[in-house]
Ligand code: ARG
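One chain is shown next in structure tokens, namely the form predicted on its own.
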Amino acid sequence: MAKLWTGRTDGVTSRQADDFNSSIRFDSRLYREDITGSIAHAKMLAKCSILTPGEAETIIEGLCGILSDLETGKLPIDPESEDVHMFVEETLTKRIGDAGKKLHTARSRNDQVALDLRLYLKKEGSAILAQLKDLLAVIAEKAEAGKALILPGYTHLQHAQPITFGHHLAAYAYMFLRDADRIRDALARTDLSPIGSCALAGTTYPTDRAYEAELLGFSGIVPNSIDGVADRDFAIEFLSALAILMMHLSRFSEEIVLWSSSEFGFLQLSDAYTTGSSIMPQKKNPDMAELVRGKTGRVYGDLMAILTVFKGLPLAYNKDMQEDKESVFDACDTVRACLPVFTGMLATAEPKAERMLSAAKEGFLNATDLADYLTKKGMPFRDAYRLSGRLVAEAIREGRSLEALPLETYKSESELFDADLYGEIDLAACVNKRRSAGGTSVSSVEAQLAEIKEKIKNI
């Protein structure tokens, strides 16, 4: 097949070189973006009298026909084409003749592929934000239902202080809200049109880049033609946001794996989101959570791959940049596969309130409240801290909880202790005394959820 770029060379390359150079096997998924961009380009060329109205109409009708045939499967993508851009142009020229050869006036594949990728990320970003919104709605619902369920809070994976299930879930809600913010921020910098940058230096034709950008739904143009074709920092930023999102999904997945284990027993996963063992009939494996945790590594790898590709490239376009698309496609595909599965898994998971409370009664989670009790009665906190530690040691020796130690034991350590102590170190009291902004009390969690729900509306 004759190459469209023959001239300086005869265009005869080895089959091996053709296969190595070709990107049609993966960039063919950009055919909608490519045709959309070409229709806008034809309209701009006609507006600027570079094409006649008749030529533009013929080109646009031809492009719409190609898009329709591709969508219905009537037109297969030719794997022998070098890339999706060449495939569309070659098909158009075969269908409408010489008018098809005029479409590429005042543009280059360099700005064309940059345009297609920006259009693709705008579409994918919107889809991912919609999925994130669904997840956040489930988290908010679960947090509302669990705002009074007490469970252990952990530091170093050791029992720390009593918290509520709703408080714990709200923490993830805020993380995912920030992920949504990061994606929107990345999309804001993606929302500039590079078309018209041409190869790198712009064009001698009297084009209207702003008009073409407006037709394509961009907020403006990339103001420097070299920058328009030479960088993919918008894609790198987008993948960075996706990597952070996957990190949060992975942490949440890790806790779901732990919580659904026999050792914790805080969560019962639905059969619809678990698998069994081929040899152990008692098993109920949290495979969906484990896969989300594992697929996080893919997205990290996609980000590192594209960062590495660009770290040493001189301006402007280099063929290395062809390697950007597979990383972008894989990261978007992975995130879009993980989010709905994770959302469904969480929506159908059942918190085990009794087991959570039972675990919270272990490990002396109210020791800080014991120290606070003394501090409020005038004892310096460091002294109260040491005294409370001695009482914890005594409770361990006796095999009791702090609530079960007799008042005489407390008074032997300090006369500041009185019968009101037991109300102060009751787990529910420990939780609901923490009414500070962002705290774990029911009232604090309700305030957080009100804010979360309001923010979800704006995604």
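Quantities reported herein were computed from a predicted structural model and do not represent experimental measurements. For every residue, the number given is its place in the sequence shown, counted from 1.
The same protein also has a form predicted in complex with the ligand, omitted here; what follows describes it.
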Quiz item: Can any non-hydrogen atom of residue 322 be found within 4.5 angstroms of the ligand in the predicted complex?
Solution: yes
Quiz item: Would residue 167 sit within 4.5 Å of the ligand in the predicted complex, counting heavy atoms only?
Solution: no
Practice problem: Examine residue 55 and determine whether its closest non-hydrogen atom to the ligand in the predicted complex is within 4.5 angstroms. | Solution: no
Quiz item: Though only this chain appears here, would residue 317 touch the ligand in the predicted complex if you measure heavy atom gaps against 4.5 Å?
Solution: yes
Exercise. Select, from the options 109 to 117, 208 to 216, 260 to 268, 334 to 342, the stretch whose residues sit within 4.5 angstroms of the ligand in the predicted complex by heavy atom distance.
Key: 109 to 117
Self-check item: Contact residue in the predicted complex, from 372, 89, 83, 231 (heavy atom within 4.5 Å of the ligand)
Solution: 83
Quiz prompt | Members of 20 to 46 lying within 4.5 angstroms of the ligand, judged by heavy atom, in the predicted complex | solution = 23, 27
